[in-house]
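For reference, the chain that follows is the form predicted on its own, supplied as structure tokens.
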């Protein structure tokens, strides 16, 4: 097996929790360098800026970008311009136009661009897609609720334009849904709740339409207490399917089904290696289209100010 050196750009929580262990466990990749202004990881060469890494290490053919979406476009474009294969953490960009431009750049350069959606690689995702194939869909309900203080502590970028707010986790549900459903949905309405001191929503209620009068609804909320709710329930003409724990568990009419899969991020890196070997790219913007439509069509309402430290609330 050919081992590909890879550089990891952005050493934050998701990199430490998911990317670094997944690369370490994948025989197709070797973590040759990191890029982080605040320091990398012990035992791995680190550069403060991606430009410095690209100049110093022309021998590293692949780059995985895990920084926030707003600065990601410039980093991805630089990496493609330097002849590297690029993997993008979700969401793949701060706008649809950026992602499509990167896709064109990768095609022109003959390099792989992988816009990842990690929830599509959840343990039960393939089994759910296969079970739903050929069935008539009657109703769809998505509940994606978590505590932002737990999952994004002190991350101011996520509340700024381009940070997506509650759509940062909500887009995981949309990516999973768009993989498993045998029909296509489009957004028809949204209500977005913006804290009075923030530029991104803390909650969103969405409605979608599909073929034959199908309606779907999704509720995203960052104010959840008492444990996360990451579930999708789909009623068909024969039974009801439910995915829970972000797609890790599958139930049909209340009975849990056995599923086997390597896990989200190990599966992502396996897919990246396959794409590089085949000389292909994988870029799907459908989940990001739903989010853009929500901001375009959504009714904005103001809600109470949000503070990272609850003690700041007067």
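Positions refer to the first chain, counted from 1. These numbers come from a predicted model, not from an experiment.
The form predicted together with a further copy of the same chain exists for this protein as well; it is not shown, and the discussion that follows is about that form.
- A heavy atom within 4.5 Å of a further copy of the same chain in the model of the complex is found for one listed residue only; from 48, 261, 44, 289, this is 289.
- Screening 98, 146, 126, 168 for any heavy atom within 4.5 Å of a further copy of the same chain in the model of the complex leaves a single hit, 98.
- Although the partner is absent here, residue 82 is not a contact residue: none of its heavy atoms lies within 4.5 angstroms of a further copy of the same chain in the model of the complex.
- Within this chain, residue 296 lines the site of a further copy of the same chain in the model of the complex, having a heavy atom no more than 4.5 Å away.
- At a distance threshold of 4.5 angstroms between non-hydrogen atoms, residue 132 is out of contact with a further copy of the same chain in the model of the complex.
- Interface membership of residue 184, defined by any non-hydrogen atom within 4.5 Å of a further copy of the same chain in the model of the complex, is confirmed.
- The three marked residues, 87, 107 and 283, fail to reach a further copy of the same chain in the model of the complex, with no heavy atom of any inside 4.5 Å.
- Of the candidate stretches 116-124, 227-235, 87-95, 147-155, only 87-95 has residues whose heavy atoms lie within 4.5 Å of a further copy of the same chain in the model of the complex.
- Contacts with a further copy of the same chain in the model of the complex, taken as any heavy atom within 4.5 Å, map within 188-210 to 199, 209, 210.
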